[in-house]
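Take a look at this single chain, the form predicted alone, given in structure tokens.
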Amino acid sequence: MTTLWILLALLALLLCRIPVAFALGGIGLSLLYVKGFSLAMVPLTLYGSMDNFVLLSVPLFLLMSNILLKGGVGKDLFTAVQSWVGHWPGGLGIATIISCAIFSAISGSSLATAATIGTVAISEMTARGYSRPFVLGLVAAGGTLGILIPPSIPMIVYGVITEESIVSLFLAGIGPGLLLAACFIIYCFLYGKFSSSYQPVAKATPAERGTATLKTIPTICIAGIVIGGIYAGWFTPTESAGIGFSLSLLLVTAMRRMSWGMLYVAVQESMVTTVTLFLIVAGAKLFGKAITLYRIPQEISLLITSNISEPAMFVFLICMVLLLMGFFLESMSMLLIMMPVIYPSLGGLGIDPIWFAVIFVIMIECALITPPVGLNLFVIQAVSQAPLGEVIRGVWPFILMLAGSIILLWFIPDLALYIPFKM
């Protein structure tokens, strides 16, 4: 009964539009006070939630993506990829997805990926006769690759919460990320093959390809250093974020695309996002501390393991809950609210926590493109100045593809586990 009242109180606060950080923190503080626990643990808990070397990578990855965004790197990337595949059926759509996948390997942010590639791709594709809902849905869905293909900010936070290896989490996201990118590409190809509305793009000359590709080599090298360095064990995720930020700043400065004003805006935007995220982390940490003292995670874990013996049913129910939560919560809040509660149940059901992280992040991807709180929908609406309903109409095929990828992961776990554990 206590668990039900806590969940109802949290839901009521969220429906009243209380910020997630203050809703979680307020309930946690209230629970500690009611039971007479020492409130001296509150500042210690809040400090402990921030005093984590791994979390330092979050603002650094955000800074890196914002600097690349302001420096117009996305346009160069899209132009280069388009020069190679733009003449294929649905070629501009394919170029959009490939560009999203490459930029994802640098930024770790879904919103930055959608905004960066969307700024260039939407106008190019609509000018070529692509259906506007298709274009908007494609870019919104392509942006979600930013939180699955490493480096991934949600994977970092998942690793902090569960104390799982962030390197393994990053590597586990590569296979499913490439699978989703391939599904999106096939969809674009079929759209181009059977649609008569769009105009094909002329094949680029070897000189055009060479010029466009040369401009992107430094960006691709940054992605290779960030991911390859982590995989090779040369540096930690936090160190790779610092190196990626430094290289990105050097790149846009050398290209003379970064002024002091632009750098100030990039730092300010990264700071706002970081503070928002860290406030949610602090509130969730206090909430998690309180419910742990109330033994709620243990009780829920016992309830699940006593009544649900099939891992498939457990994963299905969690996916349904996440789908519903995604209608009114943003992605990071879902992760911080759910994982402290359900993580203890994974071991009892024999579910690999690294594999489950990929499932969880894919469900977060769904939340990013499902109304009414799908943040990617609003990013694309802002970039394209299109009605929100038009964006929503375009994302449904991609939501079905995300759901299909979860089914594939259930039957073929090695899609996520092969790279981190068998290579």
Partner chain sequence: MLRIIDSITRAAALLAAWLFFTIGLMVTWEVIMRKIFNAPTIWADELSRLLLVWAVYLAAAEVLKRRKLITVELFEHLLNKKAIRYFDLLALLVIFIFSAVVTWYGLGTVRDAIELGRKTSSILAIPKWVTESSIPAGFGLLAIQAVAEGIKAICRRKEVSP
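Residue numbers count along the first chain shown, from 1. Everything quoted here is computed from the prediction, not taken from an experiment.
This next part talks about the form predicted in complex with the partner chain, which is not shown.
- Interface residue among 415, 14, 399, 406, judged by heavy atoms within 4.5 Å of the partner chain in the model of the complex: 14.
- Using a 4.5 angstroms heavy atom cutoff to the partner chain in the model of the complex, none of 134, 387 and 395 count as contacting.
- Considering the partner chain in the model of the complex, the lone stretch of 71-79, 122-130, 260-268, 179-187 in range is 260-268 [heavy atom distance within 4.5 Å].
- Contact check for residue 242: a heavy atom falls within 4.5 Å of the partner chain in the model of the complex.
- Contact between residue 18 and the partner chain in the model of the complex is found at the 4.5 Å heavy atom cutoff.
- Remark: residue 94 does not count among the residues lining the partner chain in the model of the complex, judged by a heavy atom distance of 4.5 Å or less.
- For residue 337, no non-hydrogen atom is located within 4.5 Å of the partner chain in the model of the complex, even though that partner is not displayed.
- Contacts to the partner chain in the model of the complex (heavy atom within 4.5 Å) from stretch 219-253: 234, 235, 238, 239, 242, 243, 245, 246, 249.
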